[in-house]
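There is one chain below, alone, in structure tokens, taken in the form predicted alone.
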Amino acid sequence: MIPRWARDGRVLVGLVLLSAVLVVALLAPWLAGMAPDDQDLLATLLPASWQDGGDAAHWLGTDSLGRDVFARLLYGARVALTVAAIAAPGAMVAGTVAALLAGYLGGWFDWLVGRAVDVWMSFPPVILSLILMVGLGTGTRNVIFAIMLVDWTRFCRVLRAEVLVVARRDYVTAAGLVGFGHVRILLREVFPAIVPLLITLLTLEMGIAVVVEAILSFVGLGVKADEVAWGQMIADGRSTIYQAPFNLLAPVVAIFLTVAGFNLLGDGLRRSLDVRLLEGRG
């Protein structure tokens, strides 16, 4: 029998979009045909290959330094997906552990975690990420670390509320009465109940990580100068949008499709896995 989530149109569309981005990222060296930093100063700001003056070797044209836009777009997908695939799970682990302990133990520890989340989330996330990057320095590794430091609170705030509800259910109380230890109760009784919500938050956070990485790269605080990122391409293409519009439009569309894929996947999974939504529709 086909699982419910596999029949949801949002999940399928999201998977198709993300699979396409993943494939082009993995096959970038073969699909691009050239390195993203190869320069040809005699072929700068070329239009797309199907436009007047275009070159068949440069499908989306070239930038102000004669670098192939299509090649840079494909290699930029690698950076975006790398950040999303590492930063989002990292933030998820930190936020989930804090939420489980705070919601289950309660008392002063719950108060302490709650106040820490309130203080941390009082700062605008992007501004806090920029401040962290100023101190950490540029580089993909530091971008990932900054996103993890900022976004663990997204998981903790939502999951803590869910853990508070689950921890007070009868079967959790019964597990304690029969002698189960706290660790076993958390892992065997409480954690499985929040997994559907956790999966949804993870997919949405991966989309957020793509956007944050693009913003940091746009202002020059993301990847290093010798790396390629979509935000960096947008920053470079602003001044030449009328001469070579795909320098700017291509990475914008790529970010939109990638984030849309993550959001559609997350929304579809939430509707398919959340018991309360299913009961409401029933």
Partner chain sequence: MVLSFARRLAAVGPILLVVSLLLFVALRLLPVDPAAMSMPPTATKVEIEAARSAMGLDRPLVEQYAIWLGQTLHGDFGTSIHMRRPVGGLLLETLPATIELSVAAMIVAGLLGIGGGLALFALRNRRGEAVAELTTTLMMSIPEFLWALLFIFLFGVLLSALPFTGRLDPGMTRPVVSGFLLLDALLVGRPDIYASALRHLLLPAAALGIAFAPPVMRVLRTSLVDVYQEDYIRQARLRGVGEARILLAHALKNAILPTLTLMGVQFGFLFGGSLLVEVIYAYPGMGNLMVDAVRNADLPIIQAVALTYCVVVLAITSAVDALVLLLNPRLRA
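Keep in mind it's a predicted model, so treat the numbers as computed, not measured. Positions refer to the first chain, counted from 1.
Although it is not shown, the form predicted together with its partner chain is what the next lines describe.
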| query | finding |
| --- | --- |
| Close approach of residue 30 to its partner chain in the model of the complex, 4.5 Å, heavy atom | no |
| Contact flag, residue 171 vs its partner chain in the model of the complex, heavy atom cut 4.5 Å | no |
| Partner contact for residue 214 in the model of the complex: its partner chain, 4.5 angstroms, heavy atom | yes |
| Close approach of residue 224 to its partner chain in the model of the complex, 4.5 Å, heavy atom | no |
| Sole residue of 249, 43, 34, 26 within 4.5 Å of its partner chain in the model of the complex, by heavy atom | 249 |
| Listed residue (183, 93, 165, 127) with a non-hydrogen atom within 4.5 angstroms of its partner chain in the model of the complex | 127 |
| One stretch from 67-75, 143-151, 82-90, 112-120 that, in the model of the complex, holds residues within 4.5 Å of its partner chain by heavy atom | 112-120 |
| Heavy atom contacts to its partner chain in the model of the complex at 4.5 Å, residues of 214-252 in sequence order | 214, 215, 218, 219, 221, 234, 238, 241, 242, 245, 248, 249, 252 |
